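So this first bit is one chain, no partners, the form predicted alone, shown in C-alpha cells.
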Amino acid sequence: MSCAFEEDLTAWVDGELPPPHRARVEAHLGTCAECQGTERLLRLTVARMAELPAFTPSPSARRELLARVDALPPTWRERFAHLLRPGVLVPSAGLAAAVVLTLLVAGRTRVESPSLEEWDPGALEVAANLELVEDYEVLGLNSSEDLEVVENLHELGVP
C-alpha cells in the first residue's frame, strides 16, 4: 500500500487521532478503496485480539525471553554501529592517520645510495666480473672462499 494515510489508520481505528486530523482521514476513507480494506483488516484484528484470554507473563518468562533476545547474534546494522562508536572509531582513525603519515614521510625520504668510492672493492670486482661469476655458479660456486678467488682474479691477469 502506498497511500499517504496508511500510517494514520491504526491511530484512527484506535480513536487516537486529534479531531482535525481525524476528519481528514474520514474524508479520505470515503474515497480510497485500499484504505477501506486496511481499516476493515485492522478492525477485525483488534476484535480478535480482544477475544483472546488475558495473558500476563511471569517474571521468569520475561527474563527467559530477554535472555533469548540477548543471545541473538548482532545484525549487520548493530555491527556497523559498534564500529562507529567513539571507543572503536577514534583509535582506528588514529591508527589509519599514523599509517598514512608514515607512508607520506617514507615516500618523501630519499635513501642516498653510496657512491662508487664507498663500495667494497671486492664487491665491485665481483660486479665487474659478473659474467665470470655466473659461469662459476654453473660449475657449482657456492662458498665464500670461491668468491674470494673471483674477487682476486684481476691479480691473476684473468679478465
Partner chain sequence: MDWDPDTQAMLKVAAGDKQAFAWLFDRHHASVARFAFRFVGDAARAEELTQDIFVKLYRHARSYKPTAKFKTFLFRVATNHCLNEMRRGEYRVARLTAEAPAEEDVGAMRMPGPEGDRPDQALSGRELEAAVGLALKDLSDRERAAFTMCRFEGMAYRDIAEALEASEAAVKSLIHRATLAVARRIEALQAGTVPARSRA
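Numbering follows the first chain given and starts at 1. For clarity, a rigid core is taken as the largest C-alpha set superposing within 1.5 Å between two forms. Owing to the predicted nature of the structure, the values given are computational and were not obtained by experimental measurement.
What comes next is about the form predicted in complex with its partner chain, which does not appear here.
Its partner chain in the model of the complex comes within 4.5 Å of a heavy atom belonging to residue 64. In the model of the complex, its partner chain lies farther than 4.5 Å from every heavy atom of residue 91. Contact check for residue 72: a non-hydrogen atom falls within 4.5 Å of its partner chain in the model of the complex. Although the partner is absent here, residue 30 sits far enough away that none of its heavy atoms falls within 4.5 Å of its partner chain in the model of the complex.
Of the residues in 36-63, those that come within 4.5 Å of its partner chain in the model of the complex through at least one heavy atom are, in sequence order, 38, 41, 42, 44, 45, 46, 48, 49, 51, 52, 53, 55, 56, 57, 58, 61, 62. Once the rigid core is used as the reference frame, the Cα position of residue 34 differs between this form and the one not shown by less than 2 Å. Once both forms are overlaid on the rigid core, the distance between the two CA positions of residue 43 between this form and the one not shown is under 2 angstroms.
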